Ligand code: ASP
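What follows is a single chain, given as structure tokens, in the form predicted on its own.
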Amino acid sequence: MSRKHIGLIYTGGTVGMTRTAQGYAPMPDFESFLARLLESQDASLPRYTLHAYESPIDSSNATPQDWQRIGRDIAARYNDYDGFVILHGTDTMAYTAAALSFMLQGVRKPVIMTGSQIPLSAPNSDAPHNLVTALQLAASEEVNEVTIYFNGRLLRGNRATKVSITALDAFDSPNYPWLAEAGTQMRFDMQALLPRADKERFELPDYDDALVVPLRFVPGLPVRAVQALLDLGPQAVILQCYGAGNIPDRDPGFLELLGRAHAGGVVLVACSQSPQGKVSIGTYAAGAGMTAAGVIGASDMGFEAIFAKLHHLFALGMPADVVRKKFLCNLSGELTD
């Protein structure tokens, strides 16, 4: 039986950098360096074809239009490969993974995002392990969704978040089990993995300049700061609340502002500043007025998934009332029903 063929898309990130006098910069010979590394590995690795972006994306500069480009690149090559590995910078990898999960709904092949904390060319780099294992996972039969593989952990892409700047365990999924864990063998959690869909349901709209903004509540936040944010004319505001979804209620101006924003067509979504747990607005009296103001809870979705999902729904051209309803639907495993 012939080896599987993987599409390896290099979009940018630390994995393809080298140290210069001005700091890390893209390696001029990344393709040949990568080829030498993979040629030295076990012959059981799948075949791959590299598609490297001419201008690598520094992930801290990534935009929704970059998500769109990557999603469309995968869709355009979907029938050419058995699976995909996307090399990406770690800073916003979780945002891109979440967005890809909404664009590539029902994907019936592995899409594995990975990268590294240390450049491939540096001593003691974590890149070789992440890359080799990602290629092996991209050839697996078990994975039929968008994921992140990093340092022994396979995570659902729209459940992942970056948890460390320096540790090799850079990513975790606080509200969902790991899909697989590497050891002497790869141990898959078949209950956690998405089942293989009957058919693909790709959605690849134009990711325009929808304005989705976060508002993080802190003690003593003045009402005028919230008003200034709403004066920007956002389509959606993600309210980063305390605990299970609480905001200050001593000043009635907060809820009045939110109610007016909702009436004006702004989608208001409440999530928690705590990374683990489920939002349940109204659990405490301090959050009881939020539902009346039109705020919807994000359940156990992470911030990156919330942000990407709102962008995706607006890109589909949905009006605010439809976005509010669709947001509460589980599209690709990003929330618990």
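Small disclaimer: the values here were computed from a predicted structure and weren't measured. Residue numbers run from 1 along the displayed sequence.
Keep in mind the form predicted in complex with the named molecule is missing from the figure; the text below concerns it.
* May I ask you to state whether I57 is within 4.5 Å of the named molecule in the predicted complex, using heavy atom distances? => I57: yes, in contact with the named molecule in the predicted complex.
* Asked: in the predicted complex, does G89 have a heavy atom within 4.5 Å of the named molecule?
  -> So G89 counts as contacting the named molecule.
* State yes or no: in the predicted complex, is some non-hydrogen atom of Q117 no more than 4.5 angstroms from a non-hydrogen atom of the named molecule? => Taking the distances in the predicted complex, the answer for Q117 is yes, it comes within 4.5 Å of the named molecule.
* Asked: Does at least one non-hydrogen atom of I9 fall within 4.5 angstroms of the named molecule in the predicted complex?
  -> Contact check for I9: no, nothing within 4.5 Å of the named molecule in the predicted complex.
* **Options 58-66, 304-312, 28-36, 289-297; stretch whose heavy atom lies within 4.5 Å of the named molecule in the predicted complex** => Partner-contacting stretch among the options: 58-66.
* Taking the named molecule in the predicted complex, which residues of 9-33 have any heavy atom within 4.5 Å of it? -> Contacting residues: G13, T14, M17.
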